[in-house]
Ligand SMILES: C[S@@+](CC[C@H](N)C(=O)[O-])C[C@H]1O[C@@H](n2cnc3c(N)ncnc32)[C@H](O)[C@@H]1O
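What follows is a single chain, given as structure tokens, in the form predicted on its own.
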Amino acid sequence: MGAMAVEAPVPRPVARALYEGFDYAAFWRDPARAHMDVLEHRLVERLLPRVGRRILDAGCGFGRLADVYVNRFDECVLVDSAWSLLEQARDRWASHVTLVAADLRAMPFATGAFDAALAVRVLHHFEDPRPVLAGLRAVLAPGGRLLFTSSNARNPKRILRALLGGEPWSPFRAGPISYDRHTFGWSAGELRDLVTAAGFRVRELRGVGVLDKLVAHVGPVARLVPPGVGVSRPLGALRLAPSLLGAAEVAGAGSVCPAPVLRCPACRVALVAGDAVFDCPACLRAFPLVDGIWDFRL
């Protein structure tokens, strides 16, 4: 799966990804978001295995969290549907990672290919995240670790707004709550149920998204506000934070499947490696390497 220099065509035309063309790096330079970035980095650093064979960053964006894991795993695979974000990740991490353009509901990997996976700031973009969770469960080996985040629809702020008549959706209703066309939330209990139903055991939930709100209002002393690693545990246990970061595991113990790890995202047949391309012998699709990014979009 390693990248190689090759003259290749422009990426194939596909449906526009949610963050295509968005300056996501600039988004994180806002002081409050930078504070959240530090917290997420520290939690991911603590909750990931110390070392591993192969990690999947599903919905990697521009590789924001790659500095946490590139020196801890033998192979790092970054997947996103937004080509422009993968280009940004390539410009920073090309020598350390494999970059894959794919739909997270149709990832091109073999069963048990990874011993760790991230789905950070991903699940809340799916009204029905079950196909994404099922795909993550399939590609993780027994004993594999998943870190995930989601919006907590039943946090105190939304409950208070609902009681005061300023919230269009009741946080106590069952099922996903739509914040806008592309963002959804669940209660902490529903989130745990979704992850458990996919075949994971949820080890813990951490609460995030509290102290960054303070940073947004304190101006010059924002740098004195701690990241909130310590309070994330009780906030998660009490389910009192706007967002939740969870750690879950696949039952059992085993080993990560050896290379090759690729399968056709359409028909799941093992792919045949060519010259900077993988070919499916069943459906005859071809998945090329384009400017250092493997294009597995359907």
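Worth saying up front: this structure is predicted, and the values here are computed from it rather than measured. One-based numbering along the sequence shown.
One more form of this protein should be noted, the form predicted together with the ligand, which is absent from this view; the next part is about it.
- Heavy atoms within 4.5 Å of the ligand in the model of the complex are found in one stretch of 228-236, 258-266, 64-72, 245-253, which is 64-72.
- At the 4.5 Å threshold, heavy atoms of Arg154 stay clear of the ligand in the model of the complex, well away from it.
- Among heavy atoms of Val122, some come within 4.5 Å of the ligand in the model of the complex.
- Interface membership of Phe184, defined by any non-hydrogen atom within 4.5 Å of the ligand in the model of the complex, is ruled out.
- Remark: Leu99 does not count among the residues lining the ligand in the model of the complex, judged by a heavy atom distance of 4.5 Å or less.
- Only one of Ile177, Ala138, Val202, Ala82 comes within 4.5 Å of the ligand in the model of the complex through a heavy atom, and that residue is Ala82.
- If you take 93-110 and check each residue for a heavy atom within 4.5 Å of the ligand in the model of the complex, you get Ala102, Asp103, Leu104, Arg105, in sequence order.
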